[in-house]
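The form predicted alone is given below as one chain in structure tokens.
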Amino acid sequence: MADADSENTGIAGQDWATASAQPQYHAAVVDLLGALAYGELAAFERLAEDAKLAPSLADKAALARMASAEFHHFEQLDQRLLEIDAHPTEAMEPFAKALDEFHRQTAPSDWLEGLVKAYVGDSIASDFYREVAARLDTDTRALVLAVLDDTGHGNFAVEKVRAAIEADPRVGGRLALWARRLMGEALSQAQRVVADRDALSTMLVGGVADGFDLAEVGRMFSRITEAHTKRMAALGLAA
């Protein structure tokens, strides 16, 4: 793992204009922003769909507001890709198939499964991108952290899921199994995406930016798993 000095003197201490002089770093950031942008667009679509399953008008309105926030994040990433001379659609395209397949394989069967999926899936993705953000140039890091801002969905999901379990404790077992499946699928998808993109994987395992070494990649996924366990406890579920 890069130490504090290397983080201050390497890519993580540079602005975009300086850091992007490295072609491979530029390519890695385009990949990263493309993956994030498609993720935000997919999150917008999913929340809009989940709103249709909402049991009350208040819940429907709450999810609609969250969907709007996700789309605003997408617009920020779309604009940034244009600013760094990348075509947003082309930047997103390599990640669309994997993310679409993840959503196809993990389609929720009801309102509560949809809430858990958004909470678990979005949180794992956010944890992953925050880990990567620590090694980015200052301008890109600020953008990535801004679009990872909580839209309020986490607290909303915790409140609704805990209330449902309190009303019917049997719901907890079903949702715990569902959350474990989501965790496995999400981590597998993240690893596949990174492995398929040379610039992105090089940035993670070293060679570009203040990269992770392979051992640090393992520790990163351990930290993501630990955070997932804490979130499951917040939901009232066993990880």
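Treat the numbers as computed from the prediction; the structure is a model and nothing was measured. Residue numbers here begin at 1 and follow the sequence given.
One more form of this protein exists, namely the form predicted together with another copy of the chain; it is left out here, but the text below deals with it.
When another copy of the chain is considered in the model of the complex, residue 93 lines it closely, a heavy atom lying within 4.5 Å. Within this chain, residue 131 is remote from the site of another copy of the chain in the model of the complex, having no heavy atom within 4.5 Å. Although the partner is absent here, residue 78 is a contact residue: one of its heavy atoms lies within 4.5 angstroms of another copy of the chain in the model of the complex. Using a 4.5 Å cutoff between non-hydrogen atoms, residue 196 does not count as a contact of another copy of the chain in the model of the complex. This chain is drawn without another copy of the chain; in the model of the complex, the residue among 174, 60, 26, 181 with a heavy atom within 4.5 Å of it is 60.
Using a 4.5 angstroms heavy atom cutoff to another copy of the chain in the model of the complex, all of 65, 68 and 72 count as contacting.
Contacts between 20-52 and another copy of the chain, taken as any heavy atom within 4.5 Å in the model of the complex, involve 38, 41, 44, 45, 48, 49, 51, 52.
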